[in-house]
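First, one chain by itself: the form predicted alone, in structure tokens.
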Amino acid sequence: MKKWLFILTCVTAITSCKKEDEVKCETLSDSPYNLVLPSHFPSIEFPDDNELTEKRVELGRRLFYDTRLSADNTLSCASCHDQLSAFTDNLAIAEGIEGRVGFRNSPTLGNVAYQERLFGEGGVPTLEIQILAPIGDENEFDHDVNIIEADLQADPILNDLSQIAYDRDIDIYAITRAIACFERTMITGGSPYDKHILEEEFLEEDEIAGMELFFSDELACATCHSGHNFTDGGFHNIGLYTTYDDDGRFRITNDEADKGKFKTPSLRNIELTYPYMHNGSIQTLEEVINHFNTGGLSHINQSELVVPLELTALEKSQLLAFLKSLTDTSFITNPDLNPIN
């Protein structure tokens, strides 16, 4: 509850900022950021008040790796979103300061610019607002934005960048928007699968067989894991439990039919983003495939698409091979997403 009250308070403060209070910078200027998208990806619509610029992205990049956002200066955004793990942390449940246990498994940030309704229950509409959650959550950064602002305003590099990027000394308004800008540059679309559909390279025989299974009407995987990002953005109960400790979408809608429903995760880089499910309860992709093959545990809200599949051992291995073909090594080694030294 503390998290949500914190978010609402900060949103109110941010949206009430007045132009006359902003710090002007007359001599320096910014320029648009050239975000290159894969040719088979759709365009991205950016918020009117937070278009990508060079300095906004640079500021966000520095802040993403800055441990001063946490109360004890030990954690940054990158602590739970590590580039080598496709911007996840490979923990079942995220850990905050002092080893405090968080609420859910850390999601990947790959292609987050395309996402709507953030968090597993879809309760947050924008990246700018989402960033407030870990800052105020007692099990994550557990920090006070006033202290963060004072600390960062004493940093001449960050403060100068903020003045150029947002015409103001660095504050929570600039912090949230800059990090959102940087996260929107986390584009992943260079996997072997992508090269295959662009006819640049071709998949191996077992990967192609797995792809055909994945997109087949019999398995219907692509019904929910659809589009360029392999997600429909919807909410589904996959029969993980008969009784859920975390009610998922129900937390937002208070509709009994939404209990146990969570947002469909992207499958991009799925090989790297283990463990799986909202609570990290499944460790391997083989186990994920086995779960869907058995048809789930028949929860009352379970999707009608989750039924026994009767896959053979060969078909399971082929499906696994296809899922691994979604790994984009250029994404996890992209120097533009590394910390600035």
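A residue's number is simply how far along the shown sequence it sits, counting from 1. Predicted, not measured: the structure shown is a model, and the values here were computed from it.
Another form, the form predicted in complex with ligand HEC, is not on view; read the next lines as being about it.
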{"property": "Partner-proximal stretch of 165 to 173, 148 to 156, 191 to 199, 73 to 81 relative to ligand HEC in the model of the complex, 4.5 angstroms, heavy atom", "result": "73 to 81"}
{"property": "The unique member of T185, N90, T253, Q115 whose heavy atoms fall within 4.5 Å of ligand HEC in the model of the complex", "result": "Q115"}
{"property": "Listed residue that, although ligand HEC is not shown, lies within 4.5 Å of it in the model of the complex (heavy atoms), from L37, I44, I300, L305", "result": "L305"}
{"property": "Contact flag, H143 vs ligand HEC in the model of the complex, heavy atom cut 4.5 Å", "result": "no"}
{"property": "Any non-hydrogen atom of H228 within 4.5 angstroms of ligand HEC in the model of the complex", "result": "no"}
{"property": "4.5 Å heavy atom contact, L127 and ligand HEC in the model of the complex", "result": "yes"}
{"property": "Partner proximity in the model of the complex: L272 to ligand HEC, non-hydrogen atom cutoff 4.5 Å", "result": "no"}
{"property": "Ligand HEC in the model of the complex reached by all of E54, T327 and I340, non-hydrogen atom within 4.5 Å", "result": "no"}
{"property": "Residues of stretch 201 to 224 in contact with ligand HEC in the model of the complex (4.5 Å, non-hydrogen atom)", "result": "F214, L219, A220, C221, C224"}
